[in-house]
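So this first bit is one chain, no partners, the form predicted alone, shown in structure tokens.
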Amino acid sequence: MKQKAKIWLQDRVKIDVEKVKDSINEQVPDYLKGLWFCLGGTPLICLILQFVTGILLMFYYIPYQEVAYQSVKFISSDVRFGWLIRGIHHSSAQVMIASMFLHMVRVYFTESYRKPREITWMVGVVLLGISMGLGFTGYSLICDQVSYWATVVGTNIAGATPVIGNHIRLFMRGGEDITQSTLTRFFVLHIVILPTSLIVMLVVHLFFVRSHGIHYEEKDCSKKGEGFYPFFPEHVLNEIGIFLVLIASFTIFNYFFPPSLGEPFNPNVTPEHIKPEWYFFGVFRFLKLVSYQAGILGSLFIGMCLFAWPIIDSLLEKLMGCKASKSTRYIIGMAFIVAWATFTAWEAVT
């Protein structure tokens, strides 16, 4: 019976079962069992949670400026487990971006972005940018005082971009002021454009990961077959374990610290402290130290260098040699992390 069902399925769905089995049973190195090397799967787990909770929130959220705040308040206080759904949506977004940061740090210092994986790194940088865009647009949908004025500041910063800044600001706002058009645009960006872009880029990223395989570290994998374990079921079970830990952690955290909601937005009253989400703290502090235009140009330059780092790295190696470029790479990476952490902590405590 089982064999007949297999033949029936193979006749109608042209899939090479043996190739699928080989792919599932791929041998992966032992060091991938460590948490440090599970950071690539963690953002995917959080993304799934984002989609599930986001769909549930859409059943109750009303994207109209006059009632958006009240709909969020209704979700948080009146919808059964609404506070938990909103809390998991917010918490998983934070962990997704944090794990993406850490994943990129791991890839950088293990040199996993080098030939032939340059495009994989570049697509990963784009994924990080889209995720931060999702965080910014989602934060703005709450329509409380802090999120409203964060939107004002954020669009003003974008408007400081040389040459095209004013066009970007007008496009984001849908006019000169923050109005219903702004909320509509951010809502469409948050639930349609950015998620679709994220899925497309994620598929591309996974395609290149699968095409080039896992970056093996020579010290652990000197002989193929030694120090390895099968992707299924061991590695899959590891990821399921992370999923369960995340769900439990988010539930416990939001039980004791449910998602907050400030006062309704008031365009005529500017709050004393306007802060974006933590992952923008470093850039926000940098912009306070220099002019908006200098800050935008500096941030764009850093973003471009991050995107093109595999190319920059290969040029450094040609110019300086392998050993010198390796030291330079380490110094640049550590300097960037220390600077970003310092600016983030500075903004957090002020």
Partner chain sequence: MNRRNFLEKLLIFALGIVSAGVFAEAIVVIYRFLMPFQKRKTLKTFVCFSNNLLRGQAKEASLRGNKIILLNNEDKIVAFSATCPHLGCSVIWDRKGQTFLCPCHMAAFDKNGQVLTGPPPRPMDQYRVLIEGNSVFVFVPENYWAQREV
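Positions refer to the first chain, counted from 1. This is a predicted model, so every value here is computed, not measured.
As for the form predicted in complex with its partner chain, it is not shown, yet the points below apply to it.
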Only one of 149, 101, 279, 74 has a non-hydrogen atom within 4.5 angstroms of its partner chain in the model of the complex; which is it? 74
Let me know the one among 263, 78, 111, 177 whose heavy atoms come within 4.5 Å of its partner chain in the model of the complex, would you? 78
Candidate stretches 287-295, 320-328, 50-58, 307-315 - the one whose heavy atoms come within 4.5 Å of its partner chain in the model of the complex: 50-58
Can you work out whether residue 85 and its partner chain are in contact in the model of the complex, taking contact to mean some heavy atom pair no more than 4.5 Å apart? yes
Is residue 240 a contact residue for its partner chain in the model of the complex, using a 4.5 Å heavy atom cut-off? yes
Would residue 300 count as a contact of its partner chain in the model of the complex, using a 4.5 angstroms cut-off between non-hydrogen atoms? no
Interface membership of residue 247, its partner chain in the model of the complex, 4.5 Å heavy atom rule: yes
